[in-house]
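Before any questions on binding or motion, here is one chain by itself as structure tokens, the form predicted on its own.
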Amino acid sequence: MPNYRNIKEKLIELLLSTASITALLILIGIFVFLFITGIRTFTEISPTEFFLGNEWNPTAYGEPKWGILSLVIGTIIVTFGSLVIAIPLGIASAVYLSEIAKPKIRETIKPVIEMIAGIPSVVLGLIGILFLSPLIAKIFGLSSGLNAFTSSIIVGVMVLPTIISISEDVLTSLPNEFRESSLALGATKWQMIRMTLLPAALSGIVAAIMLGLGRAVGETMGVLMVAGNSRAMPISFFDPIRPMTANIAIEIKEVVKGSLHYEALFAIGLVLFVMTFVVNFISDIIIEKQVRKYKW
């Protein structure tokens, strides 16, 4: 008589393996497509000009400019600014929900926070244009509020639900023995959170931050609407910028397929892909070190 339990387990194992292999093949396929299309750019444009040039103007009359440095700096500024806003607020909110808030308050606030992740980025972009950018311009005496600072706030709001939700889940899943042992040794509640729970949950918190970082790097519509779309090299957070994602979204619809401009946009996409891969690789190393540190 066949062992149906073993057959069921084999089928589940096969299904999960197929899903993992499919995801890996899709990822490899995306990279190969970006690489094959984008690498052709460097047959006509030198890597030095492409990566270190600070002027991007492919349609310039006479001699087009292909430097993406200002676009890269714009992406880094928005990403950094959004994380400066989202990380402290996100971790503080996660600590409050997991360790301080009463159960009824937690059950009310957490679904609301998770609902923010479902707000379309175009809606947040509209809020940024109609409300936030005029407010920023008025507060800081600027001619326009469409700049890197406004973009950082909008992207920071988009990143917050990811950091809060995952960090709160990690803190909640820690064994109660951590809390009881720390309190039994005479620690206050704040000392218990700061010196016991946060270090123990560090790997999960880092993972949450890295997921938020990936969202910030790849955000398109929100920054496209409120960043100002200036291709000039930014000097401060109050300068208008054009991140790489916004540049691709703006120009891809105007280029001829197979042209140098088309291939250069895919090269920018390849740069974004590599940046995201490096961030995830570094985060995996950090998480693995923390897991080994706190492994029983």
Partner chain sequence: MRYIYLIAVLFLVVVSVGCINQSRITGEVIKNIEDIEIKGSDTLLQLVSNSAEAYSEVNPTARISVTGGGSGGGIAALINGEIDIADASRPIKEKELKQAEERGIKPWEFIIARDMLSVTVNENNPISKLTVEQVSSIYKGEITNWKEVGGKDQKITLYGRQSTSGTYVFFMEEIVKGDYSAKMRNMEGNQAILDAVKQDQTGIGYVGIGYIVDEKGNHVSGIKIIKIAKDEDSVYVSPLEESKHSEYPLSRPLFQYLAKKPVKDSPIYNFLIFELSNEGQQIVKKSGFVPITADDMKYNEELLDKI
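Positions refer to the first chain, counted from 1. Note that this is a predicted model, so its numbers are computed, not measured. So that the term is clear: the rigid core is the largest set of C-alpha atoms that superpose within 1.5 Å between two forms.
One more form of this protein should be noted, the form predicted together with its partner chain, which is absent from this view; the next part is about it.
- Exactly one listed residue, out of 39, 32, 60, 52, brings a non-hydrogen atom to within 4.5 Å of its partner chain in the predicted bound form: 60.
- Of the residues 153, 146, 170, 216, just one reaches its partner chain in the predicted bound form with a heavy atom at 4.5 Å or closer; this is 146.
- Using a 4.5 angstroms threshold between heavy atoms, residue 160 stays clear of its partner chain in the predicted bound form.
- In the predicted bound form, its partner chain lies farther than 4.5 Å from every heavy atom of residue 210.
- Interface residue remark: residue 77 is not counted as part of the site for its partner chain in the predicted bound form, having no heavy atom within 4.5 Å.
- Not displayed here, its partner chain is approached by residue 259 to within 4.5 Å at the level of heavy atoms in the predicted bound form.
- In the predicted bound form, the residues of 218-239 lying within 4.5 Å of its partner chain by at least one heavy atom are, in order, 224, 228, 229, 230, 231, 232, 238.
- With the core held fixed, residue 274 shows a CA shift below 2 Å between the shown form and the other one.
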